[in-house]
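Next up is one chain by itself, shown in structure tokens, the form predicted alone.
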Amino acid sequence: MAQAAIALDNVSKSLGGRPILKGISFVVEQGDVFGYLGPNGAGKTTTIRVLMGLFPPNSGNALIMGKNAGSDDARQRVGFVLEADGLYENMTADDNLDYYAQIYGLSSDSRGRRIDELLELAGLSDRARDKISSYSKGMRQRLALARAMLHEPDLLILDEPTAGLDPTGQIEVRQTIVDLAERGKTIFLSSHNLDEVQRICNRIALIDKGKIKLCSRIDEVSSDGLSLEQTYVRLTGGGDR
């Protein structure tokens, strides 16, 4: 059986003496497009920071591809797209990707080929030499996805990748995510957008008040006759806090 892409086992994390994650456990299998849902303050961002190795758990284990989250071995297998896209506005798309490709240690011989491939995947080949300052937010997000793929990670962790985008931008970013999944990449997608999750994810987990309330295949959520939205409201009360 293939190694799980993400395995959290009874992970707890407190910040400033306040418990944020309260013994959460779930598994993301390789090839999943996994939606991670929950109200603001539920623990989604803290979970992602644990997976990035920024917040070591107070207890429990967090593994990426069988390696401790935050270890060099784990970092080589994962790419991140967070709220701040990390792009340099006064540089072109080409130059942004080339800069990060050098950080990732890609050779000069392979950089150009890899950058061209990813710009095509992101639908940005015709804007490769334009400065990022001229890009829409949706284009920036697609370029951030391309940047996260430079070192060919097996797993992508995406934090609200379509937040703040207009409908066209949302559709374009979602399509890029689907294209990556079809190439065999595992996707961990933190989102508030229930419709988006239902469209592109095959499995979900729902966190509320630091505890996992649901972990299921998306097609099993409605087995009791409730929609994903109704299930979300029933388990969380429907509001942020």
Partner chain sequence: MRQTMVIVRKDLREALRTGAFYFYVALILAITAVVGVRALGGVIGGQVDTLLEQGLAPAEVAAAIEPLMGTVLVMLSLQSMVMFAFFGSGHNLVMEKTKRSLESLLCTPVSLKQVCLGKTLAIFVPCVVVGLLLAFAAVVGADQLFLAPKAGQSVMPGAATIVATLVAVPLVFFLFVALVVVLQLIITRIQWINGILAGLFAAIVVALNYGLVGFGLTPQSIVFVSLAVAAVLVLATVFLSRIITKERIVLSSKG
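Positions refer to the first chain, counted from 1. We call the rigid core whatever largest set of C-alpha positions still superposes within 1.5 Å between the two forms. Everything numeric in this text was worked out from a predicted model, so none of it was measured.
Just so you know, the form predicted in complex with the partner chain exists too; it's not on screen, but the next bit is about it.
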query = Is there a non-hydrogen atom of residue 89 within 4.5 angstroms of a non-hydrogen atom of the partner chain in the predicted complex?
reply = yes
inquiry  = Quick check on residue 52: any heavy atom within 4.5 Å of the partner chain in the predicted complex?
reply    = yes
ask   = Hey, in the predicted complex, is residue 56 touching the partner chain, heavy atoms inside 4.5 Å?
value = yes
request  = Considering only heavy atoms, tell me if residue 166 and the partner chain come within 4.5 Å of each other in the predicted complex.
outcome  = no
key: Residues in 93-117 with any heavy atom within 4.5 Å of the partner chain in the predicted complex   = 95, 99, 100, 102, 103, 104, 105
task = Please check if residue 111 moves between this form and the one not shown, taking a CA shift of 2 Å or more relative to the superposed core as movement.
result = no
ask   = Just checking, between this form and the one not shown and with the core aligned, does residue 72 shift 2 Å or more at the CA?
value = no
task = Would you say whether residue 171 is displaced between this form and the one not shown, judging by a C-alpha shift of 2 Å or more on the superposed rigid core?
result = no
